[in-house]
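Take a look at this single chain, the form predicted alone, given in C-alpha cells.
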C-alpha cells in the first residue's frame, strides 16, 4: 500500500458566506487556509476563487493571482485549480484561470449532471448577501455541463498543451465509464487520479455499498493505471474518508465538501479537518504522503513549470 494522499478543498463554490464564518473568502483568507492545511498534512490543495467583497464564486484570473503565488512561495503543496468553477459560469469562464496558471493539476468533472444544492438554502438563517439564497434555490433547475467535447477540449488544451494532469471527478458510476471512453480515445494517459464523490444530490448516494461498487468498477476499468481517492459531502465526509483509507485509497476533505468537524460541530478551519483525518489514518498505521511524494505518485510536472 502506498502512502495516503490527503487533498484539501478549501473554499469551493457550493457553500456561501452566511453558512460559516470559517469559509475562506478573500485571497488572503484562501492563501492562509491553504498554507495551514498543508502544514496540517495536506499534499494537494484544490482551489476556487471568490469575489472578495461578496463571497460569490468568480472565475477572474486576477483574483486567482492574488493567492496562487502566495501559496506557492509559502509551502510545497500541489496546487489543483478547478475547471468546474461555479454554477453560473460558462466553459470559457471556467477555463480562464487554469489556462493562465498552467498548474500541475486541475479538477475535471467527468460528465454532465443535475447538481442540486438547494437543500442548503432550507435552514433558516440571516443571509449576508442578496445573491446567496437565489444561487442555491436555482440549482433545482441547473444542469452542470461537461460534454465529451468539453472534456476532450480541456484535456487537449490543459493536459497536452501545458502538461497539467487531472483529478477526474466521478459523481456516479457512469462517470467512470466516461473516463474509460476518454482513455480509449487517447485523451489522457496514466496514472489516472480518480476522485469518486458521494452524497451530492444528482450523483451517487453516500452508501457504503456504493463506495465499494465504485471501487470495484474502477478496478475493472483501470486496473493498475489509476490512483483512487474519495470525498463525501457533509456529514459523510469523515466516515467515507476513513473507509477509503482502510480500503487502500486516498482522501479529500475541506470546507468545500463539509462545514463540520463532527456531528453538530462546525469546523473552525480547513486545517482542523485535515488534522482530524490525518490522525485517523495514522491511528490505522497508514503513512501520509508529502507533496513531493504525491508528485511522484501522480507523475506531476513540478511546481517550477507552472504559470505563476
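Here the structure is a predicted model, which means the values were calculated and not measured. Positions refer to the first chain, counted from 1.
One more form of this protein, predicted in complex with a small molecule, exists but is not displayed; see below.
Peer 1: The small molecule is absent from this chain, but in the predicted complex, do 78, 166 and 250 each have a non-hydrogen atom within 4.5 Å of it?
Peer 2: The answer is no: none of the three residues contacts the partner (heavy atom, 4.5 Å cut-off).
Peer 1: With a cut-off of 4.5 Å between heavy atoms, is residue 14 one of the residues that contacts the small molecule in the predicted complex?
Peer 2: Contact with the small molecule, yes.
Peer 1: Using a 4.5 Å heavy atom cut-off, state whether residue 200 contacts the small molecule in the predicted complex.
Peer 2: Yes - in the predicted complex, heavy atoms of residue 200 and the small molecule come within 4.5 Å of each other.
Peer 1: Does residue 135 make contact with the small molecule in the predicted complex, using a 4.5 Å heavy atom cut-off?
Peer 2: Outside the cut-off, so no.
Peer 1: Taking the small molecule as it sits in the predicted complex, is residue 159 in contact with it (heavy atom to heavy atom, 4.5 Å or less)?
Peer 2: Output for residue 159 is no: heavy atoms all beyond 4.5 Å of the small molecule.
Peer 1: 178, 116, 107, 210: which sits within 4.5 Å of the small molecule in the predicted complex by any heavy atom?
Peer 2: Contact check passes for 107.
Peer 1: Among 78 to 86, 183 to 191, 222 to 230, 201 to 209, which stretch sits within 4.5 Å of the small molecule in the predicted complex, heavy atoms only?
Peer 2: Of the stretches listed, the one contacting the partner is 78 to 86.
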